[in-house]
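Given as structure tokens, the chain that follows is alone and in the form predicted on its own.
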Amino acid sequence: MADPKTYTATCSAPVNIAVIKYWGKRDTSLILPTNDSLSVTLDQDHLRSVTTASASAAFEAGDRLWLNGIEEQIKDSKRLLACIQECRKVRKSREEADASLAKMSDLPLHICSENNFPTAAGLASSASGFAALVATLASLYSLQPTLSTSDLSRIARQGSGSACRSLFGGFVAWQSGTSPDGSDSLAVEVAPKSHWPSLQALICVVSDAKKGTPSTAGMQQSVATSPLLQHRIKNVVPGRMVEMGKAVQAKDFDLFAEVTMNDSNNFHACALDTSPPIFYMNDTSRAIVQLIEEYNRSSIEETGKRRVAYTYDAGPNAVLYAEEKEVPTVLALVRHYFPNADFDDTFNLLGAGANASHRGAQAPAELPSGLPKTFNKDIIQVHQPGSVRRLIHTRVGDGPRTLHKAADADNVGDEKESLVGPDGLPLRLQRAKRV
């Protein structure tokens, strides 16, 4: 008897960083947000989750999942189950409508997912992880074009709210919607990756440890106890969504920076207004804020415009946005006040020489020339080496990519991208056993 056929797909998905924050749910089971949000998708050649899903009757133990080489129990995660069940449901309906399709929806699944960045450290790992899961199942089950990308975002939302935004590249809005069933709570593209190519990001990794208060628990504490959050939902976010949309469409960095920083500060104020208060930022985080505010203040005096924007999600790590021409100055400022941060410039955006010179142990860099005349060099002290552990220089990126597929059609992509072997078990574990 022939071995059962195995169907496999592998996809990657990016991190997105919200510039108008999502904080709080009006429905915790469907993950329906209390307000709209807007994010920038970062290039997944730097930060991404990769997921492989295999379906085969040979998987006698049923559905299994490995995350970064460690097996997790699917039954213990209602969110994970929701995403898998929704994708299977759509595949099942397609199979019933088209008898020529392989009967895949009832086959056991082996799912393997890996991040190339720390999990639960405030770098949107759950967003890219669930987006990669849904993109992979959609590829495995050939759900598009039956489902649009916004339709898929509704499914990813049930795994992690911000995951819906990682289904798109560029600039993405998550519309909170009003329907109780969540049918109108989905992500839409505001502008594609190609719209604003000069916008870049410098991520200051202050800590890659798991945060003390997970986002899911923190936001519901805020919903229950923060009067400031209720004001934010009703009176602050709607206007900021309009302003941010205008800034993106016009590529108006000064307005983009103003709204981004104001919204980040308001979000963290809501965290502090929670009972008990939630502290996602630390002393290094706040020092970065002081530095950027001083740089922008002196720049406004000289040119009338801001040059950098900071934003913080639910963690201590800063994401700094700047136009391409400003990045070398911003980098030099950060490396002066926060020495010895390993620098990662995968795209070589600053040139080969700059890339090499920013790696490894470093003394404080010289302050850049050309700073505004009124810039206060003593605004913060030079910090202890390692206060910023790592610097990641990246840019606006695209949405999920299908890296490999062997399902209804012939092989697509590179089979070496698969995270599982022919037996459906993680290759990472198999390599570890051989060492």
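Each residue number is its position in the shown sequence, starting from 1. Since the model is a prediction, treat every value here as computed from it, not as a measurement.
Keep in mind that the form predicted together with another copy of the chain is missing from the display, and what follows is about it.
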Option touching another copy of the chain, based on a heavy atom within 4.5 Å in the predicted complex, out of L228, A102, V188, L81
L228
Let me know the one among E95, D151, D273, E72 whose heavy atoms come within 4.5 Å of another copy of the chain in the predicted complex, would you?
D273
State yes or no: in the predicted complex, is some non-hydrogen atom of E293 no more than 4.5 angstroms from a non-hydrogen atom of another copy of the chain?
yes
Applying a 4.5 Å heavy atom distance criterion, does P180 contact another copy of the chain in the predicted complex?
no
Indicate whether another copy of the chain has at least one heavy atom within 4.5 Å of a heavy atom of G304 in the predicted complex.
no
Does R91 reach another copy of the chain in the predicted complex if we count a contact as any heavy atom within 4.5 Å?
no
Counting only non-hydrogen atoms, the one stretch of 163-171, 107-115, 142-150, 276-284 within 4.5 angstroms of another copy of the chain in the predicted complex is 276-284
In the predicted complex: members of 248-269 within 4.5 Å of another copy of the chain, any heavy atom
N262, N265, N266, H268, A269
